[in-house]
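Just the one chain here, laid out as structure tokens, in the form predicted alone.
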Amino acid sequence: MRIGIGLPSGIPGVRGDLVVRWAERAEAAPFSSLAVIDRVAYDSYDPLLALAAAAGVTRRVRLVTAILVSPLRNTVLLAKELASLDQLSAGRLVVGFGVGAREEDYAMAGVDHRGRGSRLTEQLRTLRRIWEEGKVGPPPAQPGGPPFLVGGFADEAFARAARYAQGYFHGGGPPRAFGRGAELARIAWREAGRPGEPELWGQGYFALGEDARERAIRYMRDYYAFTGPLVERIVGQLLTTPQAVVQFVEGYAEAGCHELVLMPAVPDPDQVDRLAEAVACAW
């Protein structure tokens, strides 16, 4: 199983130079990917711009949206942005798509929240056709365009992943929850007549070090406040010790995960080194 790390671009108050330095540090560590979240009505960076900045200071790691709330965006402009980012990163882009969980992002963008699932399906159908027709340049660096992943927990999400993507992105939770999602993704894959099996990605949050835990909890409670009483369950899954990271990594590997992305809950640059040391025990 490969292990990636998130950029701190989704944490309020982070300076732009920190995002760039974090990307450089992750490139020097043995992580396979750099991932970003996507919010509109929140103090966070645009995900594609953050990945473009990371592309300029890295040469090896893959650049991942985990996930991109694409129904908020115009499909033709999105095709151009994704192809541009794929070129700027020399073919290292992986695009995770989803409908997003927060209605306030749609309200802020002036986009109707209703029908977001059908719009995502249409985008997945249309993006590759736009690139094939070549009417919007540049062409993606990867032939046919970057790999697609689809996130979400509804039946429709698994069906979209099976029909239009290379894999499924599970949005978090303990390894047993990932295992259930992975099995549903495999079932949908087979029902769609796809050969082989889907690429399976997972996600968790970490904050390592004596002074990191309380700050991380404040961030998680703020970021997931929309879930109501479920927020404390999400906070309880935060990985705050090297031992917890190792157990989490081993659990996801046993559950069949192909790539696990660990997102930071505090933006201190030394978190990259602390996580690299922790996962070294599991690799």
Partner chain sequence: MRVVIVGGGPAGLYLALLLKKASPRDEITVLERNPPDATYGWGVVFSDRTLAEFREADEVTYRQITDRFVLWDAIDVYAHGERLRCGGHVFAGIARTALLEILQRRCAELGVVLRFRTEVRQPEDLPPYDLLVGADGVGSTVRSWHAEVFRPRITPGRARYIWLGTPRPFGAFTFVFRQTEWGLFQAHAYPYAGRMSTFIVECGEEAWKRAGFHEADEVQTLRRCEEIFAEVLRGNPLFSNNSRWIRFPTLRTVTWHHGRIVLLGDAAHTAHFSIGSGTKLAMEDAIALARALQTYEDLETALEAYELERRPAVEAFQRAALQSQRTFETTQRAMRLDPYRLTLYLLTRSGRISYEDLRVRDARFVQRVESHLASEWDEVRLPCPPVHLPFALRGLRLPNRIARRPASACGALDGLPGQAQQRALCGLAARGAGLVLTEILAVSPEGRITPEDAGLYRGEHGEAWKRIVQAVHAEGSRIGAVLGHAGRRGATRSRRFGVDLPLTEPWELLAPSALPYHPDGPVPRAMGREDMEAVREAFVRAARLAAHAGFDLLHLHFGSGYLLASFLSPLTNRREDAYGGSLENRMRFPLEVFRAVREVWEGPLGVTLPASDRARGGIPEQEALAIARAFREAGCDLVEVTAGQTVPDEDPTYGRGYLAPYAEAVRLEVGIPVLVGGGLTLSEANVLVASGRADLCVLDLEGDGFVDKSPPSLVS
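Numbering follows the first chain given and starts at 1. Please read these numbers as outputs of a predicted model, since none were measured by experiment.
Unshown form predicted together with its partner chain; subsequent notes refer to it.
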Considering its partner chain in the predicted complex, which of Gln247, Thr241, Thr227, Gln237 comes within 4.5 Å of it through any heavy atom?
-> Thr227
Though its partner chain is not shown, can you say which of Asp155, Glu103, Asp112, Asp211 has a heavy atom within 4.5 Å of it in the predicted complex?
-> Asp155
Using a 4.5 Å heavy atom cut-off, indicate which stretch of 70-78, 86-94, 161-169, 202-210 touches its partner chain in the predicted complex.
-> 161-169
Going by a heavy atom distance of 4.5 Å, is Ile187 a contact of its partner chain in the predicted complex?
-> yes
Proximity of Arg129 to its partner chain in the predicted complex, heavy atoms at 4.5 Å = yes
Determine whether any heavy atom of Ala253 comes within 4.5 Å of a heavy atom of its partner chain in the predicted complex, and answer yes or no.
-> yes
So in the predicted complex, does His258 come within 4.5 Å of its partner chain, heavy atom to heavy atom?
-> yes
Using a 4.5 Å cut-off on heavy atoms, what residues in 185-218 are near its partner chain in the predicted complex?
-> Arg186, Ile187, Ala188, Arg190, Glu191, Ala192, Gly193, Arg194, Pro195, Gly196, Glu197
